[in-house]
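Before any questions on how it binds or moves, here is one chain, the form predicted alone, in structure tokens.
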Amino acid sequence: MSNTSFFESVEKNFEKAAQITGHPRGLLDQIRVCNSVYHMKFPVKIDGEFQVIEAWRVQHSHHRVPTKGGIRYDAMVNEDEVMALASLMTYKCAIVDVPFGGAKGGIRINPRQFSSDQLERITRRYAAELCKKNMLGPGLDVPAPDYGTGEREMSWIVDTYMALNPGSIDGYGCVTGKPVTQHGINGRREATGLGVFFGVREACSFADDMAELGLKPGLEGKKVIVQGLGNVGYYSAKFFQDGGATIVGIGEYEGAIYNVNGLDVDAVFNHRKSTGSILNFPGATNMANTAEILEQPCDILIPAALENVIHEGNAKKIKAKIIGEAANGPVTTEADDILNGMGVMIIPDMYLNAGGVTVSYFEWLKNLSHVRFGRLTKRFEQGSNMRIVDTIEELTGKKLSQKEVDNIIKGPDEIDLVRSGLEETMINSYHAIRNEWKSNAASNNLRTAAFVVAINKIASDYLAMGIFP
């Protein structure tokens, strides 16, 4: 395993790219450092006794406000990890042109060891602590779900914020990833996984890049392994399967399964739901150690769980031609060097898993505008399209079938617009990264190119402020 911490790994990757940009050292240092680190401890009554809970909120960059980033619940959460994740959020937002600074939060608990009522008390107290320090609000800092959290926790946070800030007209924008019934947005739940799919699909669309890997362009028939069957892993696997790829391996914390002929994602998901484990799935080979799944033959490997799962000790055993980093920091800097030397294409996390923050941005805009996407235009577009159908039928003398008419006149629902906006974002962002990679010999891989793109965008913001000459 690597002796380099997660935050040090992020900083090393930053420095590789920083040398290429040519920006002044002072400006680069300002972009690199975390602006605010809030380490808190607060008591919560659990089973009749008070327990001290340790938590963090890190705001990495204030070059744009509000800051934005998820909250994770995990027993291994630490300050270094939260700082690293906040840093990545800054660069991630810059790459996909989302106007936020990066932030991240973490509470050091194992959520499986607490009841729903206990988790609610912990979450609400955490939100109240953030409010005390002006680190929660639609124009200040906007959390979202991350590992160990979801729509439920976000609903508790927004309710706490609204209770402490009565009359806040934009208050529902204080968090994203909320249930749709509580001012969330359709499409947020699957956004990160869908973004992973769009990003890998775009990378695989370049015939010359695929030829260098010995692969044909497109996803059709490509063998994919997904490590992690949580929200991101499940939806990534589901969209890959629907897009023509074959899921040959799935890993989770209890173990992994592999079948070279393919696994049905929903069948595996339902098997785990009914048995409590993905193991013993019919027709699949069991692996007691989930790390083994990373080393099995495939075309595309999607680590979608935690950081540092591909490291110096196992990098040379990786057989994939493409690694799509659906998780944050799954490949250490040492492994990164090894894999690049092996000719593996690594699509970096700071781009590939940006689907969540992209759709969170859409949700935040929805909360500030107080209107559902599509509400103002859907019927108008349907009417306009119907007039086009009438004109076609009049000019051709042919009557279209009802199915043909329905397909032509359909106006977009909110989820259609969200997915369209996400697809546009992921395609344009990949092209920007790839252009840097192909046009600048110093940006010799996609990760370095992504950092260069991010640093240049953030630097332009600081220079526009007049802070740096």
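Since this is a predicted model, take the numbers as computed values, not measurements. Numbers for residues come from their place in the sequence shown, where the first is 1.
Keep in mind that the form predicted in complex with nicotinamide-adenine-dinucleotide is missing from the display, and what follows is about it.
- Taking the partner from the other structure, nicotinamide-adenine-dinucleotide in the model of the complex has a heavy atom within 4.5 Å of a heavy atom of N231.
- In the model of the complex, nicotinamide-adenine-dinucleotide stays beyond 4.5 Å of every heavy atom belonging to Q296.
- Proximity of P145 to nicotinamide-adenine-dinucleotide in the model of the complex falls within the 4.5 Å heavy atom cutoff.
- Contact annotation for T290: at least one heavy atom lies within 4.5 Å of nicotinamide-adenine-dinucleotide in the model of the complex.
- The stretch in contact with nicotinamide-adenine-dinucleotide in the model of the complex, judged by heavy atoms within 4.5 Å, is 303-311, chosen from 303-311, 258-266, 361-369, 375-383.
- Listed residues R201, K238, R272, R108 were compared with nicotinamide-adenine-dinucleotide in the model of the complex; R272 is the one with a heavy atom within 4.5 Å.
- Only one of G102, G195, P348, G251 comes within 4.5 Å of nicotinamide-adenine-dinucleotide in the model of the complex through a heavy atom, and that residue is G251.
- Every residue of the trio R72, N328 and N353 has some heavy atom no more than 4.5 Å from nicotinamide-adenine-dinucleotide in the model of the complex.
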